[in-house]
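Just one chain is shown here, as C-alpha cells, and it is the form predicted on its own.
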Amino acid sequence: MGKSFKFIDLCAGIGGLRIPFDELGGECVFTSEINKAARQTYSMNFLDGAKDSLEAESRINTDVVEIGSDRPKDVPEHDLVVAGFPCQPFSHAGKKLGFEDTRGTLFFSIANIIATKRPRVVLLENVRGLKTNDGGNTLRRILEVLRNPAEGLEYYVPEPKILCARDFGLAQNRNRIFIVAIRKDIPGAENFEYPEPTHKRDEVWLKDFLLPNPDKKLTISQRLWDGHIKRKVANTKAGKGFGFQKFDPEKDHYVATISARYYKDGSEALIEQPGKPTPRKLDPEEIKFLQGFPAHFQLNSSSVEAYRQLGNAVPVSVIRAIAKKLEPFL
C-alpha cells in the first residue's frame, strides 16, 4: 500500500515531530538537522535502509539555511512541513509584510521553502517563550509572513496555541507553542481547531513512567545534594528562583520541564528515594517515556547526548493529537 502523503522534517532533532506522521502513513522525503549527534540518533531510528551509520547520516541534510535560502526548488515535493526551529529574534525593519526583516534566520529559510513548494499544511513548534520573544515581534512577523499572499504564502493561520504535555497523558509539565498553517484553497481550512486535552491531569502518575530498578549511579552524591540545598536557600533569599525541584513518585503526578542541561546536575527534576539520604536523577530511558517516545526508540549511546537530545525534543503525545487534527487536510 502506498503512502498517503509526503512530508519534510526540518530542524528535526531526533525525530519527535516525525513519529506521529509516520504512524498516519506519511512518507518523509527530506530531513534536515545540523547537530551531528542528533543526526546519528535520528539515523538509528528512521533510516534503517542504509548500509551503515555513515551512509544513513549522509542522507540527512545538515544546512537548511543554505538550501532554503539559495535552492529551495531542490527540496522534494511534499504535502506537509514539520519544523522545530530555534527561536531567533528578527530585526526591527518596520512593519513590512515581505521577507526582508526575517532574512538570515532559520525561519526565513523555512518560509522560502514553503513559498516555493506551497505544501498543503505547515506545523511549526517552538518554546513557549516565542510568544514574548523580542516583545512579541518575532511571533507577529512569523504570522504575517505565513499569511502573506504577496510572498506566495497565503495560508489560514489560526492563533498559535500553547499546549502542555500534562494534558496529553505525559507526567511532565512541559509547555510548547504550536503554529499551524493550512493553505487557503484546502477545503475546510478555516475549520481547523487545535486538539483538546486527552487526559485529566490527576489521572497521570509520575511513578508509571519510572523504571522499577533504576541504576544506582543515578543517585546524586551527598556533596552535590548539599550544594543544591545551599544554592536553593541562597536563591530564595535573593529572590532569584527556587533552585532544585524534588518529586515523590508516590505522591506527585508530574515532574517539571526537562531541559537540555539536565545531564549536568538534574536539578529541575530529582526523584526522592525512600530510605536513602539523597535523591536521584532520572534515567534517559525514563525521560524518553516522559517525552512520549515509544519503548523501541533507540537513544544515543552517550548518556550526555541522550539527556541533551531528549531535553530538546518535543512531547510526542502532543504532536500525535495535533497530527490527528491535521490528517483531514493532508
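Just count from 1 along the sequence shown to find any residue number. Quick caveat, the model's predicted, so the values are computed rather than measured.
The form predicted in complex with a small molecule exists for this protein as well; it is not shown, and the discussion that follows is about that form.
Asks: Any idea which of 280-288, 28-36, 267-275, 299-307 reaches within 4.5 Å of the small molecule in the predicted complex, heavy atoms considered?
Replies: Of the options, only 28-36 has residues within 4.5 Å of the partner.
Asks: Which residue, 187, 86, 129, 76, has a heavy atom that falls within 4.5 Å of the small molecule in the predicted complex?
Replies: Among 187, 86, 129, 76, a heavy atom within 4.5 Å of the small molecule in the predicted complex occurs only for 86.
Asks: Can you work out whether residue 12 and the small molecule are in contact in the predicted complex, taking contact to mean some heavy atom pair no more than 4.5 Å apart?
Replies: Flag for residue 12 set to yes.
Asks: Check residue 170 for me: does it contact the small molecule in the predicted complex (non-hydrogen atoms, 4.5 angstroms)?
Replies: Because no heavy atom of residue 170 falls inside 4.5 Å of the small molecule in the predicted complex, the answer is no.
Asks: I'd like to know whether residue 63 contacts the small molecule in the predicted complex, with contact meaning heavy atoms within 4.5 angstroms.
Replies: Answer yes; at least one heavy atom of residue 63 falls within 4.5 Å of the small molecule in the predicted complex.
Asks: Report whether the minimum heavy atom distance between residue 318 and the small molecule in the predicted complex is within 4.5 Å.
Replies: Heavy-atom contact with the small molecule at 4.5 Å: absent for residue 318.
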